[in-house]
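One chain comes next, on its own, written out as structure tokens in the form predicted on its own.
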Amino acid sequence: MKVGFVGLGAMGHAMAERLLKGGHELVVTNRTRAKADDLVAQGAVFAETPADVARQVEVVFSMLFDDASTEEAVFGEHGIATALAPGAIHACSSTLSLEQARRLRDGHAEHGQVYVSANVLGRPPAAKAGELFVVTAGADEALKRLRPLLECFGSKIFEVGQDPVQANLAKLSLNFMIYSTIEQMAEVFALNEKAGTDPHKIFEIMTGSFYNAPVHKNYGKLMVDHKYDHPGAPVTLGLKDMEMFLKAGGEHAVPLPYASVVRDRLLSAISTGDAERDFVVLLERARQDSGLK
């Protein structure tokens, strides 16, 4: 299949490369062209704008930082929606607000185009290995057409409904669980460290007993090893997600008190200069609160 990809950050690049290795023709674009050089060397075609990508393909993926960058890439002067053929699919993998997800759903419908949310769970190494979890929502026929593509970078695909916005809310909800689990681990590691127990030993007990899910094993290891400086996702990304999750709670009149705790912890990390470090740096805020150096 001829596929487009807009946005070649750490996640987008890995996903695009998996599509290329899956035997699909690939057309890509990115604001920083150099990030596409190795993909072009492997056979991808570089296009100057998202519109140039969209007019050449049956399906275009986007993986961008936030609502604003997605809005520009889709509905801007040279956006995807200006050139995507009627009936062609835009599959957005960005973590977006529910408002922006509705904007994409309705805006593409006005153009006679098909929109699907194809959110992913996992860090860039998982994307590179084709081991992401994919949470999708959209029309049945569109999801059926997309599945062979999603299987290039996803080890398991979950379909949550026919309204694309359902997948966006699911992704925000699951991200909240990641961040809140990190906060729990941060408090546990800091408390035990202050009592004289090496956090690595607590990590060994956790992951060798009941707490052996990927979020504990992967993020916990980064935390106890203090690996903050090569972020799979920075603190600023976590704050964006938590603010959108809290807003979703407001839209649906659902109190989310612990989400406010996590949001404030992320703000604290930003205020101390950790904005661009990996969000597992929340451990340092718990250590700081406990008086540890």
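If you superpose the two forms and keep the largest set of C-alpha atoms that fall within 1.5 Å, you have the rigid core. Note that residue numbering begins at 1 and tracks the sequence as displayed. Worth saying up front: this structure is predicted, and the values here are computed from it rather than measured.
One more form of this protein should be noted, the form predicted in complex with a further copy of the same chain, which is absent from this view; the next part is about it.
Stretch 185-193 is the contacting one of 110-118, 185-193, 69-77, 84-92, since its residues have non-hydrogen atoms within 4.5 Å of a further copy of the same chain in the predicted bound form.
Screening Ile202, Leu143, Cys152, Leu222 for any heavy atom within 4.5 Å of a further copy of the same chain in the predicted bound form leaves a single hit, Ile202. For the options Ala51, Leu237, Ala36, Leu256, the one in contact with a further copy of the same chain in the predicted bound form, meaning a heavy atom within 4.5 Å, is Leu256.
No residue in the set Phe5, Gln56 and Ser62 has a non-hydrogen atom no more than 4.5 Å from a further copy of the same chain in the predicted bound form.
Taking non-hydrogen atoms only, Arg105 never approaches a further copy of the same chain to within 4.5 angstroms in the predicted bound form. At a distance threshold of 4.5 angstroms between non-hydrogen atoms, Ala213 is in contact with a further copy of the same chain in the predicted bound form. In the predicted bound form, no heavy atom of Gly43 sits within 4.5 Å of a further copy of the same chain. Contact annotation for Gln100: none of its heavy atoms lies within 4.5 Å of a further copy of the same chain in the predicted bound form. Shown here without a further copy of the same chain, the chain has Ser260, Val261, Val262, Arg263, Asp264, Arg265, Leu267, Ser268, Ile270, Ser271, Gln288, Asp289, Ser290, Gly291 in 260-293 lying with a heavy atom within 4.5 Å of that partner in the predicted bound form. With the core held fixed, the Cα of Arg147 is displaced between this form and the one not shown by less than 2 Å. Once the rigid core is used as the reference frame, the Cα position of Glu243 differs between this form and the one not shown by less than 2 Å. Core-aligned CA deviation for Gly23 between this form and the one not shown: less than 2 Å.
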